[in-house]
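One chain comes next, on its own, written as structure tokens: the form predicted alone.
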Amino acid sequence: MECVFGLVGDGFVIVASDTSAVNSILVHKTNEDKIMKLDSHKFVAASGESGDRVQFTEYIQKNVALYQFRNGIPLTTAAAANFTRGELATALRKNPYMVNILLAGHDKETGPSLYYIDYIATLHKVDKGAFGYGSFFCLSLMDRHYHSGMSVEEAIELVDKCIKEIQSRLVVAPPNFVIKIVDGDGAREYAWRESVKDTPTAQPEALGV
């Protein structure tokens, strides 16, 4: 029951994701961060099969870093999105990745931007987007409440509404979410919304072993 969603505000992009690592009917952990930092001003939020998600997002992250290392300048958000789309399209005809992505970034020239990339390599620049079962509720709420030029406070209020709706409406709802923001000051974690905390694994000495 994964859910990733994001929206563009006035000079920033906010992205939120559930933090559950799930396989079949089992929840392995509830603090899995599915929003990866590509560079100082870009995030990629991904949903899909755990192995594909981790492998593909790390592959994109390392290639974005390699480009900057070789050329001395970072990729723009649009260039990073098109590179990601190209890699998904290439893999689609060989060994496809079951990964859906929201790529968020902020550029000095063009400001904030959000790109929607699905597992069959469809790419769109959007003001708001969502993946997963929670998208049924997020997209309807964002259609109703989203407007261009939202402040950070308004955007966070809308994100919290989406999280509350997901947790109250989905049969198997993810308990925890992480919220991240990217603006002119860089990409960073904003907050966690936790209703369940993972219990730390007891060490052998604590058990008297």
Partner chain sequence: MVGKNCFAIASDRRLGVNLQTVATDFQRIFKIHDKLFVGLSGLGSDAQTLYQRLVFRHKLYQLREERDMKPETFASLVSAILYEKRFGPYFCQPVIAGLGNDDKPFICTMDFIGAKELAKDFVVAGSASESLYGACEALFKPDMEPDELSEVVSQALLASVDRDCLSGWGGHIYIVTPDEVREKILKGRMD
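Given the structure is predicted, the values throughout are model-derived calculations rather than measurements. Positions refer to the first chain, counted from 1.
There is another form of the same protein, the form predicted together with its partner chain; it is not shown, and what comes next is about it.
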property: Of Met98, Leu139, Ala91, Ala79, the one that lies within 4.5 Å of its partner chain in the model of the complex (heavy atoms); result: Leu139
property: Distance check, Ile73 to its partner chain in the model of the complex, heavy atom within 4.5 Å; result: no
property: Non-hydrogen atom contact Ser135 with its partner chain in the model of the complex at 4.5 angstroms; result: yes
property: Non-hydrogen atom contact Asp118 with its partner chain in the model of the complex at 4.5 angstroms; result: yes
